[in-house]
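As structure tokens, one chain now follows by itself in the form predicted alone.
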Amino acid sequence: MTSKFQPRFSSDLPPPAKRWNGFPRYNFVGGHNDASEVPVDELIAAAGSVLAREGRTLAYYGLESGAQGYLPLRRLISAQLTDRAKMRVGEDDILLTSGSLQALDLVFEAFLEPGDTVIIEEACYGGTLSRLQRLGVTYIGIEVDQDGMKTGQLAEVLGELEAKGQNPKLIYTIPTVQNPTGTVMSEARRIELLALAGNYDLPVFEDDCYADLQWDGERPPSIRALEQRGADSGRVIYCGSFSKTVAPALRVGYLVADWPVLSRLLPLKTDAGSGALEQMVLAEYGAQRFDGHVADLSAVLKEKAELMAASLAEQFGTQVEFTAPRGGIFMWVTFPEEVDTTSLAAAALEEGVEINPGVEWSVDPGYGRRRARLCFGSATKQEISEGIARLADICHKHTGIPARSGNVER
């Protein structure tokens, strides 16, 4: 139904939203996590404890902690980043936000204008792409392999832009458990990226929202931490979130930057402060429980990823390609040339299976056309097994792939 106000809407609005009618039977989209791993009892206890002690500070915007957010949570984040990301960060270097999406909005609004150029990864978070599109920004994608963004290609692109007299505004990267590919940038490439950013005098926006969910091996130092080893500091703006580690609906993220940058971001945060109760509860809960919770959640997610990989191999054989992610909640799958995943996603949704087509997560639509992002975070193990089998049946019915000789008809 068309609104009677249609002629009065702004001309540059995105397409209208569809009504939500519940999740499909097999839901492999979004950034949802395992419902059974949400620490409900511990959060209830934390809420009771902190409200009994400090509940009356809810009478004040900022909880008597100022515009940067609840001080105990900023102190917790400082301790976590020092331990986990090898980063020197004080409580005053942190700005709490309403999820990492608000962090993206603040940084992009502060730095970008229509016609600017940004360097990002070829396969990239869809929320980043949509924001850059709405800002009228040109973005250039750099290929990603198992060691992250290809810094050799980055050097070539920066050199080509310089030769044309063009100066990018910033480099945006998801180096640790990249979304959607699940890769982890090597320390060598992090150092190379920093050197290139220094040579071309570019800010680096490091989005590290999934870094705590790396399963195997020690988490590499953040790009911002590596920058702090040298003399040229303050170039890297860092972003993190509790959405993927504790609960997506809590909507608590954070930015880390030097004060000359934070002082320009704060006036843009005109929401009178992010959710205060969420900040209080997270600080109370996280001080004692966060590390153990992340370890337990990571073990569950790793098992689900292994199951999805086994299910894809069983149902599709060699007709799809994927690399097991090193953390996070997503599998990045490449189908044969004959498969257009946008069409496949539409057909699958009609039959109760939802997937993210690759064009929504790619700079180049041609690159994303035969790729798809599958989320294994929220689905049960049974749903993963059944859903991938169902997806294979749907894909075969519409494209002939996979060949059914090696699959059981369902």
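When you see a residue number, it is the position in the sequence shown, counting from 1. This one's a predicted model, so the numbers in the text were calculated from it and none came from an experiment.
Omitted here: the form predicted in complex with another copy of the chain. The next part is about that form.
Q: Taking 4.5 angstroms as the cut-off for heavy atoms, does E284 touch another copy of the chain in the model of the complex?
A: No - in the model of the complex, heavy atoms of E284 and another copy of the chain never come within 4.5 Å of each other.
Q: Whether A310 contacts another copy of the chain in the model of the complex should be assessed with a 4.5 Å heavy atom distance threshold; does it?
A: A310: no, not in contact with another copy of the chain in the model of the complex.
Q: Residue-level contact is defined here as any heavy atom of the residue lying within 4.5 Å of another copy of the chain in the model of the complex; does D208 satisfy this criterion?
A: Output for D208 is no: heavy atoms all beyond 4.5 Å of another copy of the chain.
Q: Answer yes if any heavy atom of F111 is within 4.5 Å of a heavy atom of another copy of the chain in the model of the complex; otherwise answer no.
A: Within the cut-off, so yes.
Q: May I ask whether R131, A249 and A272 each come within 4.5 Å of another copy of the chain in the model of the complex, counting any non-hydrogen atom?
A: Each of the three qualifies.
Q: So which of S233, Q153, Q146, T82 gets a non-hydrogen atom within 4.5 Å of another copy of the chain in the model of the complex?
A: If I apply the 4.5 Å criterion carefully, the residue I get is S233.
Q: To verify the annotation, which of these, L101, L161, V118, A225, has a non-hydrogen atom within 4.5 Å of another copy of the chain in the model of the complex?
A: Answer to the contact question: L101.
Q: For the chain shown here without its partner, which stretch in 211 to 219, 198 to 206, 180 to 188, 310 to 318 has non-hydrogen atoms within 4.5 angstroms of another copy of the chain in the model of the complex?
A: Looking at the partner contacts, the answer comes out as 198 to 206.
Q: Scan 10 to 45 and note down the residues that get a heavy atom within 4.5 Å of another copy of the chain in the model of the complex; none is a fine answer too.
A: Those in contact are S10, S11, L13, P14, P15, P16, A17, K18, R19, W20, F23, G31, H32, N33, D34, A35, S36, E37, V38, V40, L43, I44.
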